[in-house]
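Next up: a single chain in structure tokens, the form predicted alone.
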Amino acid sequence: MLKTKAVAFSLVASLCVASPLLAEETLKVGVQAPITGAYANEGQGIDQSVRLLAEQINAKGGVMGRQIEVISCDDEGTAMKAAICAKDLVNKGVSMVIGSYTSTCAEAAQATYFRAGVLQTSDGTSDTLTEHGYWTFFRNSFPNSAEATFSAEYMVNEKKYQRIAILSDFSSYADGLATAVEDAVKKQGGNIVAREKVKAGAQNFTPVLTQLKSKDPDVIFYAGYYSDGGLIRSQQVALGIKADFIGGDANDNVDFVKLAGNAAEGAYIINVPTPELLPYDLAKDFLAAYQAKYNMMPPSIWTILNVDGMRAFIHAMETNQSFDTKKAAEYLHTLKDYPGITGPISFAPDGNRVGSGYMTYRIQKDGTYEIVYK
């Protein structure tokens, strides 16, 4: 009887000792993205791409012997839910978080990840994301200021618009981009005839568009998201406003064309290269794998940019032969020309991705893009 009790105690003790070890056998990667809500297809694209990359790495033995475990949290595109997601993912022991898609949600979660020492990468373009001094944050896209410079150059010097209207919603990304574009246009000597804002998700944008019509603009630059941008373009055409439409980078999504309908033809989008235009073998291989697994292409370049952020994090850990996030961040702040799906990846000391490669696309009748300026 005593022997039986001793054996039972030994088994319990061994399980208690083993459980922390078992918890460390996976590398936990968090996904914070709008998996439902207005930006659902972007959030789902990010989640799917992270899971695909995890599968590919796990099939090759994982990261230094550990399999990747993906834990997703739907922030629904709202700051309040983003803050909840951050606490949830930290409590579940993630080492890194991929996301979120919007600057507002990424920023709402930043401080929580920083305090926990959890690495975070986001495609959010608001300049403020890298101004808080968080060593844990790395932008996998390019900031609003870079896009603004390109957009102003295109509108003022290439297209020579004389009357420029700028429209945005109230989000930190959209308002920040619109303000940056306005400043850049003025520096180029351009003329701003209107700067207006709309409520995201309003559906009916005719009141503000009617105001803009009275200003007789040559072009409307819209700095918000595709979910509103497609409707704004459709309603602009319906109101007989002859101005060109230029959408900022967050309008680069397959649903812009669906929402705009026939009015999508002739609209312009400014962004970095779309996935199918990436000239790198890594991109072609990953896109083929994505297509094979999900029977679709990624919704936009944002999916691939986030994958590159995750790849950079894992590269840093493997280079250091350590899962220590602080060591990984120190390495990443000096990273130069790491081969990425979206091109060479380099980070500045503030966590910004170095460089830019913007293009202007014109949407064709069949919904495809034609490069008109780069």
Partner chain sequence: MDIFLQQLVNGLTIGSMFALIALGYTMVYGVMKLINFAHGDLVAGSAFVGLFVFSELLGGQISFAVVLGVFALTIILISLLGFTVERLAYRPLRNAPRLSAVVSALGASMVIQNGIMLIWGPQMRIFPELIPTIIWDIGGVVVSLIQVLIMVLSMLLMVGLYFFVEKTKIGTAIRASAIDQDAARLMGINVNNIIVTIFIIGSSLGAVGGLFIGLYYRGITFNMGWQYGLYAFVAAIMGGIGNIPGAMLGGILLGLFNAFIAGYISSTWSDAFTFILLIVILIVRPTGILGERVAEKV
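Numbering follows the first chain given and starts at 1. Just so we're clear, the structure is a prediction, and the values are computed from it rather than from any experiment.
There is another form of this protein, the form predicted in complex with its partner chain, and it is not shown here; the text below is about that form.
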{"property": "In the model of the complex, the residue from T210, Q162, Q291, N91 that sits within 4.5 Å of its partner chain by heavy atoms", "result": "T210"}
{"property": "Option touching its partner chain, based on a heavy atom within 4.5 Å in the model of the complex, out of A180, V198, I246, V156", "result": "V198"}
{"property": "N204, S214 and N262 each touching its partner chain in the model of the complex (heavy atom, 4.5 Å)", "result": "yes"}
{"property": "Answer range among 118-126, 281-289, 235-243, 142-150 for contact with its partner chain, defined in the model of the complex as heavy atoms within 4.5 Å", "result": "235-243"}
{"property": "D255, heavy atom within 4.5 angstroms of its partner chain in the model of the complex", "result": "yes"}
{"property": "Q44: touches its partner chain in the model of the complex, heavy atom cutoff 4.5 angstroms", "result": "yes"}
{"property": "Heavy atom of T36 within 4.5 Å of its partner chain in the model of the complex", "result": "yes"}
{"property": "Contact flag, L231 vs its partner chain in the model of the complex, heavy atom cut 4.5 Å", "result": "yes"}
